[in-house]
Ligand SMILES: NC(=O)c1ccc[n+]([C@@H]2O[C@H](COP(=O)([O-])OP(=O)(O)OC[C@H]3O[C@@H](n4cnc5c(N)ncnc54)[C@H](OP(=O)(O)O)[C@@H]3O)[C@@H](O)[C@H]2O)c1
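For reference, the chain that follows is the form predicted alone, supplied as structure tokens.
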């Protein structure tokens, strides 16, 4: 539970090897933080990510008292989500901030050739997030406090032909997260929807950067500021909010001619 000063004591990152998720965790750690949970499919990679976080203790005294736990979590295995979240809550107590940071970008050409691969990606990006999000929301509602941070994407604001399977899954996730936040109104818990643009990371390695490209640390700073301000939606970088105010309302014939892929 957050202390009397509102400082975060427990953080859980679902998608615990995500560069953005880890950057958010680093940014949110305070002298009051006691536990960070990295929930991930590849527990070996999660252990390496935990070791990287732990090494911060050598240069950052804030990290000295932080325990980092790694737990097995598969976004696609929705039947396991209730048990995974319950075990985390049983282990660390109240959850102050939970970050949903998992997702599959994929390749549209591959999805065109293999619809089953497209279904798998959508299952992780949308169905898996809906499953975890509902389970976590129930925990936060019963606690009477806590923030759920959902990594959406500007790709869902107006879906591009170059990545319409991915974009459509993020559009669904964004709508779900907004509705989930509305459903928590008055409970003491809330949802922060994060809409990053192109983020330089392992996921986007080798891809041509889009305008206003950013990095995980910059996204983390936007998230931390949004949490402090009690925001419900943030854009990373903020200028994209205004860019998509225009793009969202362009006629289809005009939008399709833009060099967006």
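Residue numbers count along the first chain shown, from 1. Owing to the predicted nature of the structure, the values given are computational and were not obtained by experimental measurement.
Form predicted in complex with the named molecule: not shown, discussed below.
The chain is drawn here without the named molecule; in the predicted complex, the stretch among 184-192, 162-170, 111-119, 136-144 whose residues come within 4.5 Å of it by any heavy atom is 162-170. Proximity to the named molecule in the predicted complex holds for all of 18, 74 and 104, with the criterion being a heavy atom within 4.5 Å.
The partner is absent here, but in the predicted complex a heavy atom of 41, alone among 41, 48, 34, 232, sits within 4.5 Å of the named molecule. Exactly one listed residue, out of 67, 218, 201, 30, brings a non-hydrogen atom to within 4.5 Å of the named molecule in the predicted complex: 201. Residue contact check for residue 197: one or more of its heavy atoms lie within 4.5 Å of the named molecule in the predicted complex. Remark: residue 92 does not count among the residues lining the named molecule in the predicted complex, judged by a heavy atom distance of 4.5 Å or less. At a distance threshold of 4.5 angstroms between non-hydrogen atoms, residue 124 is in contact with the named molecule in the predicted complex.
Although the partner is absent here, residue 151 is a contact residue: one of its heavy atoms lies within 4.5 angstroms of the named molecule in the predicted complex. Using a 4.5 Å cut-off on any heavy atom, none of the residues of 129-149 reaches the named molecule in the predicted complex.
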